[in-house]
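First, one chain by itself: the form predicted alone, in structure tokens.
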């Protein structure tokens, strides 16, 4: 009789443990921090020159368009640049690839270095 009780308890315990499933598919997937250093001079500046300079060239012809002609001016609003490119509000003319948008995000998240 003891043996039957013991086996019953073991079977119940095994069933309980095996029914607890760790389902990775239901977890939120969080993409980690940027693993590579993004260069301002070789990656970000060319993006700005190509996509932003028609309006953000400091000539005053486009009202309310911040001047992005120097690193200091870009760095001073780096967070805003990240926000408007992530949301797709900028650039108005042209488009950025997903990789370019991610590069801007990583550059800003890594302190918008002048490198």
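Positions refer to the first chain, counted from 1. Just so it is clear, the model here is predicted, and its values are computed rather than measured.
Although it is not shown, the form predicted together with a small molecule is what the next lines describe.
Wondering, does residue 37 line up within 4.5 Å of the small molecule in the predicted complex on heavy atoms?
Residue 37 lies outside the contact set for the small molecule.
Quick check on residue 65: any heavy atom within 4.5 Å of the small molecule in the predicted complex?
The answer is yes: residue 65 has a heavy atom within 4.5 Å of the small molecule.
With a cut-off of 4.5 Å between heavy atoms, is residue 105 one of the residues that contacts the small molecule in the predicted complex?
Close contact is absent here: in the predicted complex, residue 105 is far from the small molecule, nothing within 4.5 Å, heavy atoms only.
At 4.5 Å between heavy atoms, is residue 72 in contact with the small molecule in the predicted complex?
Residue-level check for residue 72: no, no contact with the small molecule.
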